[in-house]
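Here's a solo chain for you in structure tokens, the form predicted on its own.
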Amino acid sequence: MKIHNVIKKNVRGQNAYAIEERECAIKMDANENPHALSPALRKELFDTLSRIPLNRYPAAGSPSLRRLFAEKYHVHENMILIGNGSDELIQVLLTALVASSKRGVVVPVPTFAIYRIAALNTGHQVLEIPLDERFDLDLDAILNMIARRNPEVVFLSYPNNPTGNCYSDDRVLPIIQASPGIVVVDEAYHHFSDRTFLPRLKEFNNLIILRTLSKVGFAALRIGVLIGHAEVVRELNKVRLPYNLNTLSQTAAEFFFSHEKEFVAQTENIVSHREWLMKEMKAIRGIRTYPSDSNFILFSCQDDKDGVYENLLQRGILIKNFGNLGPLRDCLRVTVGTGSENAAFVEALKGILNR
């Protein structure tokens, strides 16, 4: 067998999604919630999970969970699709859509890498449009692309990962209005920005909102939510695998609703720490920070940023390095940690840059 004869050209031509696995005392690279469940909540959750009959299949389509999210978002449950993380929901959508070489998928860059990877894997052409110098949408370029190519879908990360900012609403709205295809507004970091396009679902039947519980403390359980018009969700359900979300994750998500106040308090704590961390970093000479509506901060260094990254590693602190190509070639990204983690990071950064 010749592997190039059986694997799609689009798949062979790309690299797998890279996740850096390094053992560090302080892990601030993956935009995770740094707070573990309290001992009381942990015991209650594990007691609940221990009663699950593991020999039985999960509830197909997560019906109880769909009802809970529908109530929370004030929509009908037939507008909700639950996935094994937002990644699966992105793949389900792209699998269902017609892939045409004359159209394509619009992806502002830099942004969440899975949009591009999933589009290529499902046979779509990717139409990348650089963000402007403020990491906002280049509205004219995107509208021009929409007029010329009639794209199947436009992906908008809001707030955007890895830049951390929410795009200007007066640039997002014209894109939704002009698009003949689907517009996905990915609100994975909604809990830290408190900004949303969810109310706009009443106006636009081509709008899809993505949410997740990964950033509020359940990253290990992979719980994603898609909210869209019923006719769209009905078709996507035909692509979704029957038992796509396991029973442990469904039960944990229901547990989230029972204790939402505790999880919201954690996100408010993270926002508070983000503002402290931003202030401290701005005071360090040689550091430029970028505005953040999320649970991480993008920053650049006047000095050798690879050297800064390696020196942090030597001190037991792992952050995100974006390599030496593209618009983020001078940038690093740090996830907001606990108070002690943030303080350790700031002191280490000062020590490295003030040598």
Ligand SMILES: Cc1ncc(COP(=O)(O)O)c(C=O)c1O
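Numbers for residues come from their place in the sequence shown, where the first is 1. Small disclaimer: the values here were computed from a predicted structure and weren't measured.
There is another form of this protein, the form predicted in complex with this ligand, and it is not shown here; the text below is about that form.
Only one listed stretch (145 to 153, 208 to 216, 241 to 249, 91 to 99) carries heavy atoms within 4.5 Å of this ligand in the predicted complex, and that stretch is 208 to 216. Exactly one listed residue, out of 267, 161, 122, 179, brings a non-hydrogen atom to within 4.5 Å of this ligand in the predicted complex: 161. When you look in the predicted complex, the only residue of 116, 222, 274, 191 with a non-hydrogen atom within 4.5 Å of this ligand is 222. Interface residue remark: residue 104 is not counted as part of the site for this ligand in the predicted complex, having no heavy atom within 4.5 Å.
This ligand is not drawn, but in the predicted complex it has no heavy atom within 4.5 Å of residue 254. The shortest heavy atom separation between residue 262 and this ligand in the predicted complex exceeds 4.5 Å. At the 4.5 Å threshold, heavy atoms of residue 165 stay clear of this ligand in the predicted complex, well away from it.
Contacts with this ligand in the predicted complex, taken as any heavy atom within 4.5 Å, map within 57 to 91 to 85, 86, 87.
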